[in-house]
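The form predicted alone is given below as one chain in structure tokens.
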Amino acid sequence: MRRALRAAALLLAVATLAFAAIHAAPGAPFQPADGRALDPVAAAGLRARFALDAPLPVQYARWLAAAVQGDLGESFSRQRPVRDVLAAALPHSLLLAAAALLVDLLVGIALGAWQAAHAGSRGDRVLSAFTMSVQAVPVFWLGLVLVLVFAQWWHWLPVGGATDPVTHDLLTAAGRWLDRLRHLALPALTLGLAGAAGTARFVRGAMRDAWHEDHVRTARAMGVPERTILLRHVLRDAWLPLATLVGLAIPGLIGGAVLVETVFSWPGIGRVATDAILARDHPLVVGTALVSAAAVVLGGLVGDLLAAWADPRVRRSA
């Protein structure tokens, strides 16, 4: 119950801040994309239609009352209910986040485990410099580099979009899945590699701490092979902080998805949020902020559940 109340308070705070920020931002809704001035009479009619002529506190109270009932309003720019726009974009974002998280964990754990097993070696120093460099690079710049290499130079992967708009519907079921995976590869690699750099450094530190535990030294004294010690003892001890890291990775994926989806024209929540901000689409901006905040809350809950599953002491303390 306490967790549910905290989550509700967080969502309300995010919605309030997003509502105030988009109304305070310069510019106005309903402006044509070519920069022409909208007819004042038409602008007044649109503002009256969407109840934007009322004072801001009244607009907020009306929006909050409707949002509690599941009505997030109508998108100005897309002429559709916000709920429908988000429902269409959310599966794309979930697919991208799942693929990026898979890349993050597989690459990050593999690199971190290898570095922990070879700490102090030349390879460990090279990988530490590499992961630090990748972690310091802006995610959109990393995406552009991957586009340059895999799309422009080698022509292995498509530049953007979720599917090929010409041939996708003509392919077989297996061909459509392959087409979708080819379009997913670059954005998932961009998000996943950006997170894997931090995961590798985290796993390396956690495993180096576990390497000096008493039971690890006892296993080594009993002649247990180093590979078995690494996989059964050290990596298992590092699982608890790693489980928490999974929950913490979700907000990073959401934040990075806004830029990555824009760079690769991926039709997810991040791309919708960017278009809504540029169009001053007030209901859609607040709706995307709510969905992102809900994902962050869910990520924290997933991290807590994984930690409780990995460590019985967490369950007993709870």
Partner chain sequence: MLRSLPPRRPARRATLAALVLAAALGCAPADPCAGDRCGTLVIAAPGSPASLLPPVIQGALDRDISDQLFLRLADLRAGASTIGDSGFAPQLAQSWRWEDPRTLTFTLDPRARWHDGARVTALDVAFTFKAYADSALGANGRPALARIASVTAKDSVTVTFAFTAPYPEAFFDATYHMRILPAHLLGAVPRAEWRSHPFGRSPVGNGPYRFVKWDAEQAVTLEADTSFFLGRPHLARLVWRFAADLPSALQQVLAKEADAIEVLVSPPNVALAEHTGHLAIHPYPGGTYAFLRFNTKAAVSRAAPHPVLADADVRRALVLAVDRASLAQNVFGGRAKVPPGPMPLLWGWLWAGAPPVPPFDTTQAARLLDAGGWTVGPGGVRRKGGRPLAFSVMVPSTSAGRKQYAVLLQEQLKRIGADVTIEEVDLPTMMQRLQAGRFETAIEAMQGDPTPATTVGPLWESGGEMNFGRYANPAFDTQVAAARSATEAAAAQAAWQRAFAALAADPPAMMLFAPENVAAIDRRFADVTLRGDGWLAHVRQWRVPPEQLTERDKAGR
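Positions refer to the first chain, counted from 1. Worth saying up front: this structure is predicted, and the values here are computed from it rather than measured.
A second form of this protein, the form predicted in complex with the partner chain, is not displayed here; the remarks below concern that form.
Only one of the listed residues (158, 241, 198, 73) places a non-hydrogen atom within 4.5 angstroms of the partner chain in the model of the complex, and that residue is 158.
Contact annotation: of the candidates 80, 227, 236, 217, the single residue with a non-hydrogen atom within 4.5 angstroms of the partner chain in the model of the complex is 80. Remark: residue 232 does not count among the residues lining the partner chain in the model of the complex, judged by a heavy atom distance of 4.5 Å or less. Residue contact with the partner chain in the model of the complex: residue 46 places a heavy atom within 4.5 Å of it. Using a 4.5 angstroms limit between non-hydrogen atoms, residue 286 is distant from the partner chain in the model of the complex. Contact check for residue 188: every heavy atom lies farther than 4.5 Å from the partner chain in the model of the complex. Taking the partner chain as it sits in the model of the complex, the stretch 41-60 comes within 4.5 angstroms of it through a non-hydrogen atom at 41, 42, 46, 49, 50.
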